[in-house]
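Just one chain follows, in the form predicted alone, and it is written as structure tokens.
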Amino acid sequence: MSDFCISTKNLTKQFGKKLALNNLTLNIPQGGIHAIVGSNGAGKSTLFRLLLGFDTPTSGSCTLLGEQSDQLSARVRGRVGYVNEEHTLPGWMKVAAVKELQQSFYPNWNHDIYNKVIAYFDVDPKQKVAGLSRGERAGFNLSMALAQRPSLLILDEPTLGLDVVARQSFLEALMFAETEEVMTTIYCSHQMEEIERIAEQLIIMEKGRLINNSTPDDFCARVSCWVADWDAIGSILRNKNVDIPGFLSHREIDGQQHILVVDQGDDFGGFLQKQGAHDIAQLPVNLERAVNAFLTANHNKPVAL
């Protein structure tokens, strides 16, 4: 049995001139909640299609639950749960009938897990699926996915479009499941407050490349915000006559310059001072701001083929 739930080595996928995955090497260990974030087109959907064997790579390799993705057995496929943003279900069927149909495909179905998770969402088993709210459909989908007792649960933007109450119920149900079952959860979302709350590992992708794989706290520690009075920064950024180490982003707020940088220590303040900045202070950065600045900076970098 592999120590890794997901493993890729130099995984590359090209569609014509578009490079969807660029020499991606990624290892995700068994267990825990791993968040994958990236801008649109970062390669997340392509990665999942290759991992699940729905497409083949241009080069490189990938494995899922210890098996080569292009040779997945029915046994391994049955150990994967999946919930996406659409929560697509047969609208003409009643909830109880859909649940019975889904249960028939999974011999290890756990009635207790299903009942405990569905209780978070107030879903009437006699109601037709078409009559469920978006939050109820999301909860129903999650309940069935968890009742399958998957070794790997993939959640692709599962709370998109949900109201605050439904999102809270979804996250509570997911965290309950994490304590009840040993499984690996891959959580894809643009909602940083959700990731900050539940994720143990933060994987950031951009232009098909892996650009971070660490805990959310360790990632935030890499990014720092420096505030200063610095009249010269506009000229520096326009003319690129000074290299600002680790530069991610800049904006002016109430006449002061806010500069976000990555992997810079306390000596960055000395660098600013040498460039004519004064009244220098360092501020903490939350996860959302750090990720957005990191993604934007990496999005603007040229892709190395």
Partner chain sequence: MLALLKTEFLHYRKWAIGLLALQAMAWAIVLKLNEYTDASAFDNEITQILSLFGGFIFGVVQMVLITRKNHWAFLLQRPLNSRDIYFAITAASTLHIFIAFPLVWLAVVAGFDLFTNTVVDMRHYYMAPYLMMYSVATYLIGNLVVLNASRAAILTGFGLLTLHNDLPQFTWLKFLILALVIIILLYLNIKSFKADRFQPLKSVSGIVLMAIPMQVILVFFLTMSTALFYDIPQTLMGTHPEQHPTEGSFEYWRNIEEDKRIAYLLKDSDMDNKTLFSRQTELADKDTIATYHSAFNRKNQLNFRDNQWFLSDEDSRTVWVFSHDEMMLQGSDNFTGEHVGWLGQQGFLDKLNLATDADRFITVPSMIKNQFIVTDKLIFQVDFANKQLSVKLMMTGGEYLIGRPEFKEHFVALVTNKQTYLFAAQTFLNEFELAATSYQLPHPVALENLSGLESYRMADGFLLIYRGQDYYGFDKAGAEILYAHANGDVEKIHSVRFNKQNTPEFIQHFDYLISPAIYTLRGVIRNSFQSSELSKQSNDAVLTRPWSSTILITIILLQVSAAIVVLILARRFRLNHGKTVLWVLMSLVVGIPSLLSFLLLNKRA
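Since this is a predicted model, take the numbers as computed values, not measurements. Numbering follows the first chain given and starts at 1.
Another form exists, predicted in complex with its partner chain; not displayed. Remarks below refer to it.
- The partner is absent here, but in the model of the complex a heavy atom of 102, alone among 110, 102, 191, 133, sits within 4.5 Å of its partner chain.
- When its partner chain is considered in the model of the complex, only one residue from 273, 68, 56, 239 comes within 4.5 Å through any heavy atom, namely 56.
- Its partner chain in the model of the complex comes within 4.5 Å of no heavy atom belonging to residue 219.
- Although the partner is absent here, residue 258 lies well away from its partner chain in the model of the complex, with no heavy atom inside 4.5 Å.
- Its partner chain in the model of the complex is not approached by residue 262, whose heavy atoms all lie more than 4.5 angstroms from it.
- By the criterion of a heavy atom within 4.5 Å, residue 126 is excluded from the residues contacting its partner chain in the model of the complex.
- Only one of 71 to 79, 201 to 209, 116 to 124, 158 to 166 lies within 4.5 Å of its partner chain in the model of the complex by heavy atoms, and it is 71 to 79.
- Although its partner chain is not shown here, in the model of the complex the stretch 23 to 50 places heavy atoms of just one residue, 49, within 4.5 Å of it.
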